[in-house]
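Presented as structure tokens, the chain that follows is alone, the form predicted alone.
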């Protein structure tokens, strides 16, 4: 920015860096007598969990530091996200896993399924069988049944209860949260952008598993500050800097090296098209349908993860983001051994280049720092072409 501006997130609301803020919130919920359910994926239905009086906690998965321990059991050529997740558990270094009274998993990929088998005896664990041909009516019926089975597991494990009216209230609450998050993203769509990737990422991290009620004061304050930045003529990044959309695998922790390199190379990241970014907040669940669990199933099956087939919705949503955020280039970040994202990257690249006429770069990486300079060289070449 041209000069220092007030950060979007005040400590009076949140209490420190994102991980500490979320941890403090969960600890407060535990003091109030609430149970905590650890989750790994955006397919876990937040609305149902909250409606049952349980706090969702996204479990640790993005550190290179826990991978060596994981590789004493897991193969070295496995996805780093899975190895890191398992390493956090066996080294007892994930505070969120420590707080969790139960774990909710899902069958998004073979590696995660097998990793879940290794941890099911550590805490009560429920695995949701995710249908992966999402546009079939049978898929919706099946995922509705899976959400109801999760409800039964939580009832049995915690003695928790949720009525359809309570789930409907939770749907409305999360829809309000998502709408406010999209208002924040609108400021990244401005030319020039007035919000940086770290601020957007911190807000998406804070919102994971948070109710609309919990997020409303944080987001209301952030929106006021963003409006002031806009009115005062602030901008983020150098004048005329290339605008970049980052898509692909979830990115966080040590994988944020890619974001840092883009910024150091003179780019401005304006859209985070991943489950760790904008994706969970871009759509709402239908309200007042008479069957809120089925409404949840329909909405969650629209998440365009590469585990789905065919996954044309990812390209449709990508077009929507490109038209809104107007990037000058798209970078697809693929974690090593994530075969579905890696193969799908071919179609994504063709779509970006042929449909939108934008430069495209695919980066395959892990959580180590060994490829930083190679990535930097490739990113700099991409941005020079913008």
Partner chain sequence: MRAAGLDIGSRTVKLVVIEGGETVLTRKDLTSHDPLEAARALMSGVEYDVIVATGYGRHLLKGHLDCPVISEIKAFALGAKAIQTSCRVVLDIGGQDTKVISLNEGGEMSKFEMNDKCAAGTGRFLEIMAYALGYTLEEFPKAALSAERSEKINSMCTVFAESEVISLTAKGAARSEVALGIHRAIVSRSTALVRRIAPSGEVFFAGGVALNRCVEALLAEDLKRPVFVPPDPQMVGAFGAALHADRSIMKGTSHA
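Because the structure is predicted, anything quoted here is derived from the model rather than measured. Residue numbers count along the first chain shown, from 1.
The next section is about a form of this same protein that is not shown, the form predicted together with its partner chain.
Using a 4.5 Å heavy atom cut-off, are 22, 28 and 31 all in contact with its partner chain in the predicted complex? No residue of the spot touches its partner chain in the predicted complex.
Given that the partner is absent here, does residue 364 sit within 4.5 Å of its partner chain in the predicted complex, heavy atoms only? Judged by the heavy-atom cut-off of 4.5 Å, residue 364 is in contact with its partner chain in the predicted complex.
Within a 4.5 Å heavy atom cut-off, is residue 68 in contact with its partner chain in the predicted complex? Taking the distances in the predicted complex, the answer for residue 68 is no, it never comes within 4.5 Å of its partner chain.
Are any of the heavy atoms in residue 8 no more than 4.5 Å from a heavy atom of its partner chain in the predicted complex? Residue-level check for residue 8: no, no contact with its partner chain.
Using 4.5 Å between non-hydrogen atoms, is residue 385 touching its partner chain in the predicted complex? Residue 385 belongs to the contact set for its partner chain.
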